[in-house]
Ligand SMILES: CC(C)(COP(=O)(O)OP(=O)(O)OC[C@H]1O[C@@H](n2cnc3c(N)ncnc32)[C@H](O)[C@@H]1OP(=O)(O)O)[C@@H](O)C(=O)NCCC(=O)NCCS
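Before any questions on how it binds or moves, here is one chain, the form predicted alone, in structure tokens.
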């Protein structure tokens, strides 16, 4: 029977969740279907069907993502899965073409994702745009650095207070850090503040604390444990965000101040997390680094025109998109106060794959290092110019998997 790709319909939600569960190895709880449907965008979920049977899924969240100096509408590629019975038949390519056509039709300059497997999405034009680190901190050897800033006082709040107090803090912060995105009320309720007992992993319900001046917050859990009569528990940071030196100092100090705790763990942290410079023994803060956000600059002119650049400059880029069989030359003139990009017939300064442009777009600039591997062609001067222009402070960080 022929395979056909089409947008899902609301009534497909059951099939969609069952296929996701089969592909990713979990059982979709029936009681969470309404919660899932509240955030699911079926009209953006291009699935493959064999007759009436769904054999592959893909989805998208309509995001507003922060890029250097601006925010950009972004197609948040997500929930991509193919049944093992239908692999190696071009199913993923079918869905990606439909998804990217939808992104273009909606005039979203970017598509972005977290990859379940880091070897999949480069061929579709997504570049590794940020990293994250899963941290484990030895609480007993994490004393404050002698130059650490004075901590802002921190107070515990309950779940009801968290619903009104934490989202505005996030909203003020998210426009300053590439990789953050706007969260709707439903997103807060169903993803961030939802506290289903089955998701606690043997730890407590969510707990919340905020800096007194509302410059940061932490959402966390505790898990008690004992070793030879001594407390050996764990604080599990779910999300810790701050916008001032005092907020970072206060909130990290708070998490490390719990009694009967042996370690603090925190997943999806930026590699430049302030915790490394807040403690005296930074080697006591460790954990694996991995790929995080992948970005595709789907509308080159709009994407390059929207963001800001670290220094003033002009550069002509030839961008090769093998998946969509496109070769585009773009002239970019930009700086800290704005940018303008347009199509060009000029000889390019740099020639690169769209994957490698996406990799540098969010501010983690790697043009010279990629050129050293032969992936980007151009002069040393042009590579230096690109790295200077595209680099950004702060570095990109996406605080959650979507």
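Since we're looking at a predicted model, the values are computed, not measured. Positions refer to the first chain, counted from 1.
Note that the form predicted together with this ligand isn't included here; everything after this is about it.
- This ligand is not drawn, but in the predicted complex it has no heavy atom within 4.5 Å of residue 13.
- Though the partner is left out of this view, residue 140 does not reach within 4.5 Å of this ligand in the predicted complex, counting heavy atoms only.
- At the 4.5 Å threshold, heavy atoms of residue 115 reach this ligand in the predicted complex.
- Taking the partner from the other structure, this ligand in the predicted complex has no heavy atom within 4.5 Å of any heavy atom of residue 252.
- Residue-level contacts in the predicted complex: of 80, 162, 128, 219, one residue has a heavy atom within 4.5 Å of this ligand, and it is 80.
- Only one of 153, 201, 119, 288 lies close to this ligand in the predicted complex, with a heavy atom inside 4.5 Å, and it is 119.
- Stretch 84-92 is the contacting one of 269-277, 84-92, 254-262, 313-321, since its residues have non-hydrogen atoms within 4.5 Å of this ligand in the predicted complex.
- Counting a residue when any of its non-hydrogen atoms is within 4.5 Å of this ligand in the predicted complex, the hits in 11-50 run 23, 24.
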